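In the form predicted on its own, a lone chain appears below as structure tokens.
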């Protein structure tokens, strides 16, 4: 998978990594195998926590909004927030807090301005896409944003975007997703840090 390979490329060998919203631990497991990272997961879903534990991934059950500050002083090299930022109650505060516990953060942002979302909205329906797969009544998403919105938030918070990639619906970079990301990228992937 291109997204996983991209994240693997941005995570240094032997890094201390916290994955906020780690799901079943598959990403942390692959990073541990490929990069010999020191993995740590945070997840709220009990079934996903059990899956992490079955993979020998250290994980705690916690709400990201409530518990980020609990990790201060643990000095993580990288935090990962993959397709979770739109589920947080205060994404702006969360980003600042994440960068107080980790030197860098990898964030993936489903783009609500992608042409498929715009088309569905023009038909009077809330979008359902590969990167926003749940219908409106069953989604955890509470703060949908666009690529442009996210990058403007980083500027407002004084965060530095070290690297970014814009992926199309096939989870790969295309000419259109790179040239016109707010319209043709379904997912923005960022490596951010404090200035």
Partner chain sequence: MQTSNKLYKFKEELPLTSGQTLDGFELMVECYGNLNQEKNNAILLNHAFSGSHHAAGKHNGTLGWWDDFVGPNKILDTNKFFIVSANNIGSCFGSSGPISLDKNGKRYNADFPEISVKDWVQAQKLLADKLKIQTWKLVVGGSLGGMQSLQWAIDFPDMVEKVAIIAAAATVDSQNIALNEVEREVIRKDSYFYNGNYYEHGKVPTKGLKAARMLGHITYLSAQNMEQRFGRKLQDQQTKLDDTINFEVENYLQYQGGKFADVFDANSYILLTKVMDGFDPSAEYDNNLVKTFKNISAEMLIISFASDWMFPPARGKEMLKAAIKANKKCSFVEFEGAYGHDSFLYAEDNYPDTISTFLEGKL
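Numbering follows the first chain given and starts at 1. As the structure is a prediction and not an experimental result, all values here were calculated from the model.
Same protein, other form: the form predicted together with the partner chain, not shown, and the subject of what follows.
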Among the candidate residues 162, 65, 70, 140, which is the single one with a non-hydrogen atom no more than 4.5 Å from the partner chain in the model of the complex? 70
Of 60, 128, 170, 152, which residue is found within 4.5 angstroms of the partner chain in the model of the complex when only non-hydrogen atoms are counted? 60
Any non-hydrogen atom of residue 46 within 4.5 angstroms of the partner chain in the model of the complex: yes
May I ask you to state whether residue 74 is within 4.5 Å of the partner chain in the model of the complex, using heavy atom distances? yes
Tell me, yes or no, whether residue 40 is in contact with the partner chain in the model of the complex, where a contact means a heavy atom of each within 4.5 Å. yes
Using a 4.5 Å heavy atom cut-off, state whether residue 56 contacts the partner chain in the model of the complex. yes
Can you say which of 75-83, 120-128, 107-115, 89-97 gets within 4.5 Å of the partner chain in the model of the complex, counting heavy atoms only? 75-83
